[in-house]
Every structure is written in C-alpha cells, then in structure tokens.
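Only one chain is given next, in structure tokens, and it is the form predicted alone.
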C-alpha cells in the first residue's frame, strides 16, 4: 500500500510538471510564430503585408522540443554524475544552458528569415528582436525544466528502465506535437483570420493576408502570446497533463488485473470516452457558431 501511495503521489507531481510544460511550450511557440501560423507570417511580406511579428520556426515543434529537453536532461545528468551536484540544481543549470542555446537558434533564424525577405520590403526590427527573444528563452527554460524533472521522476521513482535524458527527448517530442496540435487556437479563430467565415479553412487567395494592427499600434508577437495565454496555453497544458496522469494512472492501478490486460482495457475505455466527448464538442461548436462554409466550385 505504501508503494502505491508513493507512486500515485509521484504521478500527481509528474502531471503538474507536464501541465506547466505544455502551457509554457505553447506560449513559447506563439512568441516565435513556430506553430501553424508561421507559414502565413513568412508569406505575408511577399503579398504586401509587412509586419512586426517574430518569426523563427527553427524546425518543427516536436523535433525542436525533443532536442531542447534532451539537452537539458543530459547536461543535468552529466553534472550530477561527474560532480555529485544536487539533481534539482543540476537540472536547473542544464535547462538554463539549453534555453540559451535555443535563444541563439531563434535569433539566427529570425535574422536569417527576414534578411531573405528584404526584396519584399520587410525590415528587421531590432526592438522586436530584443524584447521577444528573452520571452522565448524564459518559456523554453520553464518547459525544459518541467520536462526534465518529470522525466527524472519517471525514471527514479516510477522505475522506467530508460535513462531519463532519453525519456526527456521522447516527452519533449510529445510536448511539441501536442502544442502544435492543441494550442494553435490562432489558426482560424484568432485575429489573424477573424474576417474569414467560420470553418472555411484558408483559401490560397487569402494566404499571407494577416492582421497587422493591434489594439495599440502595429501588432507583434507579444500580442499573439497575450491572446493565447487565455486559452491555447492552458488547454495545451491541461491536455499534456491529462495524458500523463491518465495514462500512468491506469497503468499503476490496473496492471495487476487479468495478467496486465486490465491496464489495456482501461486505456481503451478512456480513449473511447474521449473520442465520444470530442465528437460531441465538435457538433456543439458547429451548431453554436454556424455551419461550415461549403466548398465553391
């Protein structure tokens, strides 16, 4: 019983770390336009929409966060192994170093992309670079620290056999994928596309026609993150936290039943409940906000 209580307590802490990591990851990608809207932001100057939005898109979010979290965990593991540093301090140092490296990649990506768009009249705004890059580094640090801690607990307490830097890489990939899939509320519902019919998608003729004006002057990435912190960031965090908590909870509780099949059956029931819930939510959204626009011939 004591072992079960310790496992469930660790699981709750891991779920909290995953929730924080998911929210930080989504907001970091919003600061840098690394999510879905990055293609539209890249295209905007070519169709005459010069903007002040930070656009890095170093690579896809899953790959970027896989290496970010793996670097933080590997540095922390090396510091603990070589110098016997407390694991919390070691992970903090590792996360700081990896976040700074991430910020360097973001800076070179931003400068490189906008330099290539000089022919379309897109300037490089140094004030945008200096105000947005620290926000990117700060949110990357939070995400890397949370995933590294979560992975260490997974290995040291729960008993997962893989080294925790490998777990950090795998969960970093999952976090990036979830942030890209769940947190991009600004693709279709945010101001970038608020003048488009609900559910119409984005016609090729509208590509790159982003919204340039904000409430106070020209819009920038701080405004984008300010919007997404209300819904997209929290929903990404909740999604990742529930994934971690429910998946490990059904494993810990039901693995003893039916020679391990109990955990499989519990997982299937949970997935079925979520599938039905998602379908009901989609139907409610369609009925509440109007039918999708039909395709035109």
Partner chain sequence: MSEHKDMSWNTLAAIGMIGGLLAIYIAYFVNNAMDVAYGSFIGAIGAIFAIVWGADAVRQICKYGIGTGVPSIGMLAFGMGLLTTILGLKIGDYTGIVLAGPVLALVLSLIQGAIIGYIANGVLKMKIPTMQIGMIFIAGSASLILMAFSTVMAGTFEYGAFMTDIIGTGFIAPLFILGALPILHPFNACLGPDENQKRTLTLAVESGFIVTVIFGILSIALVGLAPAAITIVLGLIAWVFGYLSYWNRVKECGVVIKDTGLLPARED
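Model, not experiment: these values are computed from the prediction. Positions refer to the first chain, counted from 1.
In what follows, reference is made to the form predicted in complex with the partner chain, a form of this protein that is not presented.
Trainee: Can you pick out, from 248, 266, 235, 57, the residue that has a heavy atom within 4.5 Å of the partner chain in the predicted bound form?
Mentor: When the partner chain is considered in the predicted bound form, the option within 4.5 Å is 57.
Trainee: Of 206, 160, 131, 212, which one comes within 4.5 Å of the partner chain in the predicted bound form, counting heavy atoms only?
Mentor: That would be 212.
Trainee: Could you tell me which stretch in 152 to 160, 102 to 110, 135 to 143, 220 to 228 has residues with non-hydrogen atoms within 4.5 Å of the partner chain in the predicted bound form?
Mentor: Of the options given, it is 102 to 110.
Trainee: Test of understanding: in the predicted bound form, would residue 82 fall inside 4.5 Å of the partner chain by heavy atoms?
Mentor: Yes.
Trainee: With heavy atoms only and a cut-off of 4.5 Å, decide whether residue 78 touches the partner chain in the predicted bound form.
Mentor: Contact check for residue 78: yes, within 4.5 Å of the partner chain in the predicted bound form.
Trainee: At the 4.5 Å heavy atom threshold, is residue 165 in contact with the partner chain in the predicted bound form?
Mentor: Yes, residue 165 sits close enough to the partner chain in the predicted bound form that at least one of its heavy atoms falls within 4.5 Å.
Trainee: Since only the chain is shown here, I'm wondering whether residue 95 would be in contact with the partner chain in the predicted bound form (any heavy atom pair within 4.5 Å).
Mentor: Judged by the heavy-atom cut-off of 4.5 Å, residue 95 is well away from the partner chain in the predicted bound form.
Trainee: Between the partner chain and 253, 260 and 283, in the predicted bound form, does every residue show a non-hydrogen atom at 4.5 Å or closer?
Mentor: The answer is no: none of the three residues contacts the partner (heavy atom, 4.5 Å cut-off).
Trainee: Pull the contact list for 96 to 135: residues with a heavy atom within 4.5 Å of the partner chain in the predicted bound form, in sequence order.
Mentor: The stretch 96 to 135, when checked against the partner chain in the predicted bound form, contributes 97, 101, 104, 105, 107, 108, 109, 111, 112, 113, 114, 115, 116, 117, 118, 119, 120, 121, 122, 123, 124, 125, 126, 127 at the 4.5 Å heavy-atom cut-off.
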